[in-house]
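There is one chain below, alone, in structure tokens, taken in the form predicted alone.
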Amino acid sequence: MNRPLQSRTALVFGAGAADVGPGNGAAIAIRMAQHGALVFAADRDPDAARRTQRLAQEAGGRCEVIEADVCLESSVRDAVQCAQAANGTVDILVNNVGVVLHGGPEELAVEDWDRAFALNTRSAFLALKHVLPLMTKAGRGAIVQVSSIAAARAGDGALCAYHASKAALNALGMNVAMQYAARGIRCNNILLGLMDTALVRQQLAVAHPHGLDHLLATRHATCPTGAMGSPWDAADAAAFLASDAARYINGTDIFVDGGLHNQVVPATPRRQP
């Protein structure tokens, strides 16, 4: 089997797998382990991280578990040091933690706005703060940040904190890419579209009056390809960007959405005042 990440150490934040199946972060960790990396699956829920570890090991990869709260700098620092101890550095960093909080500026509580930025943006800043010195010393590194098409395209839902925090994440990644390019470090963002994960299905099961099947069919039909993406689409993109095959790809936003970001849809009729 081709192992393009052989002898690399990868630290994946938000890598836990739900009990109903792996999401994007878990799939990324598993795929990188399959590609030869020693993966450290970091998650606030150690049981979720252990599920990812088991799946990665069943797939023939190496995976260790780290319990980490990305809202606490001390916890992020400890996670980075734990991963560093294995091979002296962290070759690959994946910032995958995120949360979707509903509400526009009028409805959303200030505390929820702050929480969205803490999880979607500040968490990545903390990881970068403690990993970049290691990559600089090693003279190389690959960073992949998991973002969303919501960062670049307006939807018709009230998700102001999600859109804004993911856009900030993209800008953070671009700035890091330019600042550290001459030091052999790359940083890219993958912008996911509608993804069909077990956890999404679980969350949506009670969210639609016509039932889950109707909602899934609607989401599939929304995609230009006629089908949502899977966590493995996110995983393959991340693993490629972390590999030497992507050595000249830096500071980019890669859409992993089946072309959804190009789609023009009829505007929702405006409510009359």
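In this text, residue numbers run from 1 along the sequence as written. Quantities reported herein were computed from a predicted structural model and do not represent experimental measurements.
Absent from the display: the form predicted in complex with a small molecule. The rest refers to it.
Asks: Considering the small molecule in the model of the complex, find the one stretch among 132-140, 79-87, 176-184, 161-169 with heavy atoms no farther than 4.5 Å from it.
Replies: Contact-bearing stretch, as computed: 161-169.
Asks: With the partner left out of view, is residue 44 within 4.5 angstroms of the small molecule in the model of the complex by any non-hydrogen atom?
Replies: Taking the distances in the model of the complex, the answer for residue 44 is yes, it comes within 4.5 Å of the small molecule.
Asks: Can you check whether residue 68 is within 4.5 Å of the small molecule in the model of the complex, heavy atom basis?
Replies: Answer yes; at least one heavy atom of residue 68 falls within 4.5 Å of the small molecule in the model of the complex.
Asks: If you check in the model of the complex, is residue 147 within 4.5 Å of the small molecule, heavy atoms only?
Replies: Residue 147 belongs to the contact set for the small molecule.
Asks: Please run the contact check for residue 108 against the small molecule in the model of the complex: heavy atoms, 4.5 angstroms, yes or no?
Replies: Close contact is absent here: in the model of the complex, residue 108 is far from the small molecule, nothing within 4.5 Å, heavy atoms only.
Asks: Within 4.5 Å of the small molecule in the model of the complex - does that hold for a heavy atom of every one of 97, 119 and 193?
Replies: The answer is yes: all three residues contact the partner (heavy atom, 4.5 Å cut-off).
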